[in-house]
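Starting off, we have a lone chain in the form predicted alone, written out as structure tokens.
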Amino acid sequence: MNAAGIIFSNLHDRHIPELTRVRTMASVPFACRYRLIDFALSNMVNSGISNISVITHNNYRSLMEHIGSGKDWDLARRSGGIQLLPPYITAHANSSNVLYSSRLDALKSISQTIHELREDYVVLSDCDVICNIDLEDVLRDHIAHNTDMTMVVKRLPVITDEEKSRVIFESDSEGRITDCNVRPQPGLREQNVGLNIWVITRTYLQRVVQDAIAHGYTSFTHDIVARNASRRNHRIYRFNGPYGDMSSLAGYFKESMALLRNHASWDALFNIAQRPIFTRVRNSPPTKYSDSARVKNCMIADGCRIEGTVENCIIFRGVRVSPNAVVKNSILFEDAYIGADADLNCVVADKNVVVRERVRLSGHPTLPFYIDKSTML
């Protein structure tokens, strides 16, 4: 695939402030052993993209640790590979010394890197959506229609506040974008909901970035897509597979729990032989289950010690659940400790959390109880 990849790691941090206070959206843990960036990276690698840049903003230490040299994605290469781009890596890119707040500002901040690209096409991807998509098919559609920019969308009714945060794209009968709506009103009619994945011709991207710098444009949606809808060939590509939207903590909890209820969703994400989802590999010991352990419908990573009851839970590496503790409908991040006789329901516990003996905590599926990183309760 003659394309380069650009991933935005921080753009949607404000959607899940609980989880992104000490990390980027890209490095938010998901499904026992993955991070959200694994989906964007794997989609690109599975489509033959081997030159990938990740634009960072702040809080990217854990992202650097997760990606490392990129060997787990076969990106540890002398030519191409993966590179993390700190904000405003050249002095002239940010004379006001202000961090970017939009996608277009982020692209302007790496204008030199974009200018040096030699691939004919560029794939842009955010980290707030989980899906397993064949980007080669998107590129074939892009080339077949001689398109300047192709936006990946999914036909969905906009019925919740989370979906209202997405951009809706209007198109004609041939798929050409005619308008876009940033704040759609809820309704039952299905609409083209943007998944924040684009394929764009390199020369057009370079022209867009230079034009944005010259005219002070800041919004990719308003200043590029909507402004040029009648003059440029912007098209949609409809994705029909399952996807997860990380627009809030409740949305994150919902998409995580859906993996336990719907095996088809799990298979559509992780069990496609030609498009596996790669992640950082660790050599952890197997999880140990004591005689008193009671486990039902859970995803449990390596290196855990389960001595109590866990039901409908997602358990990351190194978690310990003590005897007589009951944990239901919850997500426990790495190295969490649940004391004896504790009772948790609808809880999201961040890394290194300690819940002491006989503590009772309960949230709701639409409002999970969140415990901040390294907190003792």
Partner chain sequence: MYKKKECVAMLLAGGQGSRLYTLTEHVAKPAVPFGGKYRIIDFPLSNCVHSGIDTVGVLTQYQPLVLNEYIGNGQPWDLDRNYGGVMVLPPYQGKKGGDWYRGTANAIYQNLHFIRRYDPDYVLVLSGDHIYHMDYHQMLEAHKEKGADATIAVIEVPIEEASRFGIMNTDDQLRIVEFEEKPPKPKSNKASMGIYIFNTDVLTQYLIRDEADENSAKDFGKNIIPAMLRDGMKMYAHPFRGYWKDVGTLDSFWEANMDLLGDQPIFDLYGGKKIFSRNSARPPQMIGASARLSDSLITEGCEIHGEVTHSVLFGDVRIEPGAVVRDSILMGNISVEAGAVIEYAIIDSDCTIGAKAKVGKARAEGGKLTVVGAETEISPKQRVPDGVMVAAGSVEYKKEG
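Quick caveat, the model's predicted, so the values are computed rather than measured. Positions refer to the first chain, counted from 1.
The same protein also has a form predicted in complex with its partner chain, omitted here; what follows describes it.
Practice prompt. With its partner chain left out here, work out from 324 to 332, 344 to 352, 304 to 312, 60 to 68 which stretch has heavy atoms within 4.5 Å of it in the predicted bound form.
Written response: In the other structure, the partner sits against 304 to 312.
Worksheet item: Contact between residue 290 and its partner chain in the predicted bound form at 4.5 Å, heavy atoms?
Response: Residue 290: contacts its partner chain in the predicted bound form.
Practice prompt. May I ask you to state whether residue 157 is within 4.5 Å of its partner chain in the predicted bound form, using heavy atom distances?
Written response: Residue 157: no contact with its partner chain in the predicted bound form.
Worksheet item: For residue 263, is any heavy atom within 4.5 Å of its partner chain in the predicted bound form, or not?
Response: Because a heavy atom of residue 263 falls inside 4.5 Å of its partner chain in the predicted bound form, the answer is yes.
Worksheet entry | Contact flag, residue 241 vs its partner chain in the predicted bound form, heavy atom cut 4.5 Å | Taking the distances in the predicted bound form, the answer for residue 241 is no, it never comes within 4.5 Å of its partner chain.
Item to complete: Identify, from the list 299, 213, 182, 85, the residue with a heavy atom within 4.5 Å of its partner chain in the predicted bound form.
Response: By the 4.5 Å heavy-atom cutoff, the listed residue in contact is 299.
Fill in: Heavy atom within 4.5 Å of its partner chain in the predicted bound form - residue from 149, 226, 277, 110
So the residue touching its partner chain in the predicted bound form, by this definition, is 277.
Worksheet item: What residues in 360 to 375 sit within 4.5 Å of its partner chain in the predicted bound form, counting heavy atoms only?
Response: Contacting residues: none.
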